[in-house]
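Let us start with two forms of the same protein chain, each given on its own as structure tokens and named structure 1 and structure 2.
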Structure 1
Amino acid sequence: MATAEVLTNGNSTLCDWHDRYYHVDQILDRPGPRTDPSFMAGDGVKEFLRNQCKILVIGAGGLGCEILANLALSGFKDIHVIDMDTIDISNLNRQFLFRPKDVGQPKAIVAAEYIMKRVPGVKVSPYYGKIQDKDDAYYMQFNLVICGLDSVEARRWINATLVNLVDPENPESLKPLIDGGTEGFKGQARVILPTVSSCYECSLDMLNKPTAFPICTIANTPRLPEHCIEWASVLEWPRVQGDKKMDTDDPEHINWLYTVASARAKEFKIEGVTWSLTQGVVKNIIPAIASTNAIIAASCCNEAFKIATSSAAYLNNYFMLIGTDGVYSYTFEHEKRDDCPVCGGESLDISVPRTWTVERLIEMLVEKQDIQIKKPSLSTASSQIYFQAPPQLEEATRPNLEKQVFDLVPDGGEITVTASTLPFSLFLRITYS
């Protein structure tokens, strides 16, 4: 890539090369047949894109690397990136911003440095940590947010956070969210306008249900290496480690699970327990395909460009790619749910048998496709039904687990459901069958 080098106060700096934006300017210099009515061709839109628009990329893995490169080469010059992971040698086959010398280093920092070195004039500000570390003021500074995450919980968190940011009196508080995801040869990209269009929470029921193994099989008759790994994580970790929280991103924790699962497998003469399989089972990892990442990242960045410039109509609102048998893609509008706990505002109606205990209701909340709340805490306007934390409160409300819901909540009564991993509350209207 040719660059122009100039001297400023005796220091060498890099500026745009000749015809750097030639092809992009073909779009921005004149309106087209699908141009948004608000599009103002010319220098103004180019100035906004290259010198004013601030964009956040969440995730610097397989999707994130592609997204960062695409944005930088499309003309976005003020990019921020968040990622909590470090580079593993297994990442190098598809996360092309990283090299063997980078193994063990934070993805966000290495990716930012590589992009700034490779694409002159682009500023990439990295943050090595969790998205939950940042407050509302941090997210308010961006014009757009793009997610390239491999975690449903993280997606739910940022989706709810951006919805909660919206102030009807302040149009600038609406931050478009572009979400990309891949699963082997399948992928999706979507545009979410918080409070306006369907949000991520509205579409939880579209997710593939995680594979679950019966506890009795895991505990008594394991037959697969996955059974041994689940036994180590679900049963042995809490027994041995007590209240210590398992961090599936901590290599020491994965190594402990691998060691325990290997011993279990040896006892039952089961082969196939490996470190990578252990990590895959506890993190529910699905092998990533570089070409799928490239297509979905391109779609996400295309939508970011259209939203930032109004040069064409943006996606409304869901793009699906299926590459398992040939290449097939389609788009559709996913509709808002009135009972969505994040953007809907209405209580979710749940009918349960009168014989159900609180413990059974909690199991349903974890398993139900359109809810999927891990470790939910339950309360009503006048009482605490069951709280997962702190330990003292959990112990005080634990006896309620065996009580019937009918004895604690009247027919038509509401239960408030919260979880430490999600920044919103779910309201259930309970009826009995």
Structure 2
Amino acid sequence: MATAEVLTNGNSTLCDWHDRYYHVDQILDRPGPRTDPSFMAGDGVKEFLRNQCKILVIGAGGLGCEILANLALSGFKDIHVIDMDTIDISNLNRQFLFRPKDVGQPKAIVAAEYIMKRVPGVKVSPYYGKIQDKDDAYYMQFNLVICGLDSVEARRWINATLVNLVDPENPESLKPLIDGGTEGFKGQARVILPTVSSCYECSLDMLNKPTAFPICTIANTPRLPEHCIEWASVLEWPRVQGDKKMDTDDPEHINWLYTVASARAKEFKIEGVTWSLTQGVVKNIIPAIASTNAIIAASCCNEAFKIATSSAAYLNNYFMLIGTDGVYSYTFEHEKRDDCPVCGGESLDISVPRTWTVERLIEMLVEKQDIQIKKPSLSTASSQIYFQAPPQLEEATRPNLEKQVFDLVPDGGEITVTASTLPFSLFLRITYS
């Protein structure tokens, strides 16, 4: 793995030339009418931005490439970037730091090298790996974090990690998190001040519900090409291929699914199964274009620049853009949720019928849009209700699935919910209806 030392290209101040920051300095040399009086125009703020501020970029993909370039040109000189992916040919229509020769290489490393080549004096330290590999001490070193990810799970993890990092005694422990996301001509950017303003978890219910097709439709009454593709991937793959893991990046696997789905579609006289649709459904592909990524990344970096310099007020706290019909945008304050499992502090009130079994409760939790949990394990302060793992514990607690919740938890009692995908515990206060 490349280290920061290998990629560093010299002392940063040596590379500055007269008038290098002519454009940015017009903003940093004097306040505007809406600038907070605490803004210290001039050398102090430039010194902080260019020689002290340390910023972390999570993701070196569609948003990440743009974010790195914008930060470098804005005057951030100590930039770190994490990405666990390698470059694919389908990235090249927007991830502008990569070329065809880079396909297969780690995004973080190629992106860092390119930025340092193009913008002298900027140090970009790449890490090719997962955000979960890093501990609190690592995240503590940054002044700001910008997130350009397409994974909900990774965003929940970094959000919860930064909220947990906050120590009220230590103001430095509060790391502003700027998060961006895009889909086609639409996107959003937001500023999260962990524990102070609405966090990523607070707004989970704003996410689009993923299209899920009922198994009975897939198995018995397919109508759409998507139903045939789901049949091939959800039912036929495990039946025919056994334990072999499906890799949606492997064209041979997509071919197999496409062939099987096409045959089924033919049998049922359903039109429209194509290679591209097959790939789109099984990989859950979201359309992505350079221009939308540019808008959202620029918005994220603009907020980072304003926060780092206090040269203008920063976004409070959500910017949403829809470019399909004219240019429509909406800037608003997303409210913090008191019962947010990450930043709210209060437990979530859940009312269930007395007759419900533990299994039914788990089913409900899995379906709940504002929780989005895959395989929850449940316990109370005094006992284990149901654990998904390890196998011995799963087996030992399995009989509880059929028991009524009411027999295990008193009215008003608390259940702790954990899951391997969640970097935090969720507290439920159960009442019976």
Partner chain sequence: MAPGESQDIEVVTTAIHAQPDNKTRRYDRQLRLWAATGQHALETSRILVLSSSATSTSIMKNLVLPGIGHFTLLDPTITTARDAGNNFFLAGPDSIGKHRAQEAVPLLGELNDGVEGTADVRSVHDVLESDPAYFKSFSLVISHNLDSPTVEKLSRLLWTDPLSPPLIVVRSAGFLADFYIQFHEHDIIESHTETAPSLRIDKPFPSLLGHALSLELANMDITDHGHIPYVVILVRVLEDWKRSHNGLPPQNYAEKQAFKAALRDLKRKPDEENFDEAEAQAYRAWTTTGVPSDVAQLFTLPAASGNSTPNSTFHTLLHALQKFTELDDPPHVLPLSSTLPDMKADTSSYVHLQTLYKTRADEERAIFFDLLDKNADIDEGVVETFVKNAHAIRVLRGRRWGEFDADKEAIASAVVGYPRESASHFALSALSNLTSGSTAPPTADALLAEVQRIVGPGIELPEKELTDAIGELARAPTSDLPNVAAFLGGLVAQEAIKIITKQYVPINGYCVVDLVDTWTGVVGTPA
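FYI, numbering is relative to structure 1, first residue = 1. Just so we're on the same page, rigid core means the largest C-alpha set that superposes within 1.5 Å between forms. Nothing here was measured: the structure is a model prediction, and the numbers come from that model.
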Out of structure 1 and structure 2, where do we see the form predicted alone?
1
Would L71 count as moving between structures 1 and 2, using a Cα shift of 2 angstroms or more after superposing the core as the test?
no
How about F268 - superposed on the rigid core, does its CA move between structures 1 and 2 by 2 Å or more?
yes
On a core-based superposition, does D150 travel 2 Å or more at its Cα between structures 1 and 2?
no
